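Given next, in structure tokens, is a single chain: the form predicted alone.
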């Protein structure tokens, strides 16, 4: 049982790495198995198709990312600090990837949304669910910031949360395009503008 689980994890790890570095469409099952160091037959023991594998990669990645987001966004820090912690963690993920592989991988979900949204309905639907969940998590913090007077009184919390997620995706895209994780450094400044944070709050 342990050996079987190990083979499955190797396939998932290889697929995630290859999808992040090269995209989904150009990958074949043989290459994934070769990179994982497992027989090709192992693939179909665990996954009925490459799309099924991609969905598992997406779910595994979101489970880990969601845990990090929940921890950061529900800490004892004030809401603005929590958002900043999230942005810094996002930047660190890209810096770590660059150090390991020599390139910024961007956001797995954003990359797949751009590549597959018009091709794979099941993947598109799953990505929509994940982005909606991200917006939910951000909105809770935005509502708290607004209630505490740390954000503009007139902001629409849902729309602002959606814009923050879109901002993170856009910055991740530029970081990937330019192979420069420093592109994410502007997230905090941009977020302050979206939240209409008063000048006195920005100084803290």
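Keep in mind it's a predicted model, so treat the numbers as computed, not measured. Positions refer to the first chain, counted from 1.
As for the form predicted together with a further copy of the same chain, it is not shown, yet the points below apply to it.
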The one residue among 63, 30, 177, 153 placing a heavy atom within 4.5 Å of a further copy of the same chain in the predicted bound form is 177
Note: exactly one of 72, 127, 80, 97 sits with a heavy atom within 4.5 Å of a further copy of the same chain in the predicted bound form, namely 127
Note: a further copy of the same chain not shown here; in the predicted bound form, the stretch from 41-49, 164-172, 136-144, 63-71 having heavy atoms within 4.5 Å of it is 164-172
Using a 4.5 Å heavy atom cut-off, state whether residue 194 contacts a further copy of the same chain in the predicted bound form.
-> yes
Would residue 26 show up as a contact with a further copy of the same chain in the predicted bound form if we use heavy atoms at 4.5 Å?
-> yes
Close approach of residue 159 to a further copy of the same chain in the predicted bound form, 4.5 Å, heavy atom = yes
Is there a heavy atom of residue 93 no more than 4.5 Å from a heavy atom of a further copy of the same chain in the predicted bound form?
-> no
Could you list the residues in 94-124 that come within 4.5 Å of a further copy of the same chain in the predicted bound form, counting only heavy atoms and keeping sequence order?
-> 103, 104, 105, 110, 111, 113, 114, 115, 117, 118, 119, 124
